[in-house]
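Below you'll find only one chain, the form predicted on its own, shown as structure tokens.
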Amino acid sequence: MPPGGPDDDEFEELRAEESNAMVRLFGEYGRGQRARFAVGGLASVFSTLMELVPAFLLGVAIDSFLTADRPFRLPFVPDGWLPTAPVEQFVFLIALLAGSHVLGAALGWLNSWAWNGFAQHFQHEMRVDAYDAMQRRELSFFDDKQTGEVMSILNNDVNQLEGFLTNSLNQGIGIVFRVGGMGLAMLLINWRLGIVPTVIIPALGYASYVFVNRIHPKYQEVRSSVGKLNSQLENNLGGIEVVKSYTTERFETDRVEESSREYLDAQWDAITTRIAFWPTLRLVTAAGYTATFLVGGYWVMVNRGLIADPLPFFNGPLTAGTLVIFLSYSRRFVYPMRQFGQIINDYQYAEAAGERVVGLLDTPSGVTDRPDAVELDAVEGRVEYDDVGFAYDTDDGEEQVLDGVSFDVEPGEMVGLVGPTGAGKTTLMKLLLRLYDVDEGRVRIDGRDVRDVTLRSLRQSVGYVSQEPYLFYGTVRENIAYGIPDADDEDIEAAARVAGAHEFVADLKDGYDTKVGERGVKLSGGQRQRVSIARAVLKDPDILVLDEATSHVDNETEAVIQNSLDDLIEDRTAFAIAHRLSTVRHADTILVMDDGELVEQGSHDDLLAEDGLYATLWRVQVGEIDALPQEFLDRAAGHSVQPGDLD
């Protein structure tokens, strides 16, 4: 399978197992926004109730002024407060009508202000917590996750939840009180006729229940396919230089088309279910409106003497104005019910997103502080590896990377780590920072197991320069001072000088304020490496790990950096992983790794005298190819990097 094209949802294991992720999130992040929620909710309720007033006033006007079926009266208003002259009564009704619209608009604004504030703060707090939970995960979590999938949770899923809260939940509250208010009003005005339009509510509830059960798993597939598509796009854009240099544009377009097709199929499956739901709601609500018109119209005609035979149950007083109120309310059932269907649809979409967010928040990190962890302070720099074993989890099981590695390093020693690619050198050093935890054995600093100290104090004591330097979008100054925001300009420049970076930085147009671009693309590989080294220098750690720290620089720059690093590591324990053995030939001790095991240990001269693997690697680098053993040549020709060879 080509890279970046997984068939399975990488975050399937993060889906929350609890029955309602939205309720969980609402309870956790809505608690601090209760005031906004209450204000917005009350404003929505009263704004909705104001929408019932115009139709009711219209019915009163018809009965009092047009048909004269009943005297001018208003509920909850004493007769002594009402005008007596018809013109004054009519003007009073118009004033009430205008007042209801003005009050409704004001309440609508208040609802929008409070509700949007609630949703935005909810989204902000949830996104920050989701990101914090993500970055606290152990490094192995990211080894088999694509950036696009991770971004899909932090961005798309969180935005989906915010959209539901901003619009759908607010509308849902309005619909409940609009439909409930209209139903209650009709039952109070004429409970017999009120039964006709309100009887459709259980039918709508059943249709919604069936829809929810069918659409939810389909929206889970949609959320997964969105993440896969994002991963594919991010993967291709990040490697656009490789795509162009290998003229694989057509190939990558086909892969994007395949991922997009998966999204299209998942989305279309959900759409076909959704669009069948809307007509069902429309037909049910239309049936309620039609039945109300039929029964109410027949009833009014009976009362006016136009029809002789009354209906057996629907009898008694019913005016034309009352029928208009019922028809208006029944007609207004249609749109809210269609909206309600969309809200259920949005809820299921948001629930699928919420499951992934809750799953991420609830999944514990594999590397955490122990309850009794202590601070690592006053570090002397003694490092011990005691029978250390480690394996990476792969799709085919565990891939053993380190096996029975033991060595001791005294404070202030310089240790070189060498060996073939995939021997486990980088992994060995990552265990020192607890980027991974050992499966077997112990790693100690000053006699303390690194698992017994806090992660923060441990990593503050160890400086790490990766073989693949990473620069953040921003200036050179910001990247050197990363993690030490209060560093002054003098310290930053001094660190750059030690790393051999000051000269090229000074030649840049904006010097230390030059933007380096995304991932530092505006700088060369060697320049990025030197900025990365300067970052570690400024940190001034007690223990320093250099993982191929000079691999991207030329020989002249390497000599400058090595000379500076000699001063830097003079009073601290340092590890240097190197393929160019010349960079570690003066180390106090050189550790030779091969296939996850420590096979040789000693000084440069001692290891040459042993005439083992180190001596063979040295001959390779000095060009003595003819002196290499045949076994080594055969092995080098047949070696392939395995999944666990993450050096």
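Numbering starts at 1 and runs along the sequence shown. If you're wondering where the values come from, they're calculated on a predicted model, not measured in any experiment.
The same protein also exists as the form predicted together with a small molecule; that form is not shown, yet it is the one meant from here on.
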Using a 4.5 Å heavy atom cut-off, which residue among 290, 328, 421, 120 comes into contact with the small molecule in the predicted complex?
421
Under a 4.5 angstroms heavy atom criterion, identify the one residue in 408, 437, 387, 143 near the small molecule in the predicted complex.
143
Partner-facing stretch of 104-112, 267-275, 422-430, 188-196, counted where any non-hydrogen atom is within 4.5 angstroms of the small molecule in the predicted complex:
422-430
Just to confirm, residue 445 within 4.5 Å of the small molecule in the predicted complex by heavy atoms?
no
Is residue 392 close to the small molecule in the predicted complex, meaning a heavy atom pair under 4.5 Å apart or at it?
yes
Heavy atoms within 4.5 Å of the small molecule in the predicted complex: does residue 491 have any?
no
Is residue 380 near the small molecule? Define near as a heavy atom within 4.5 Å, in the predicted complex.
no
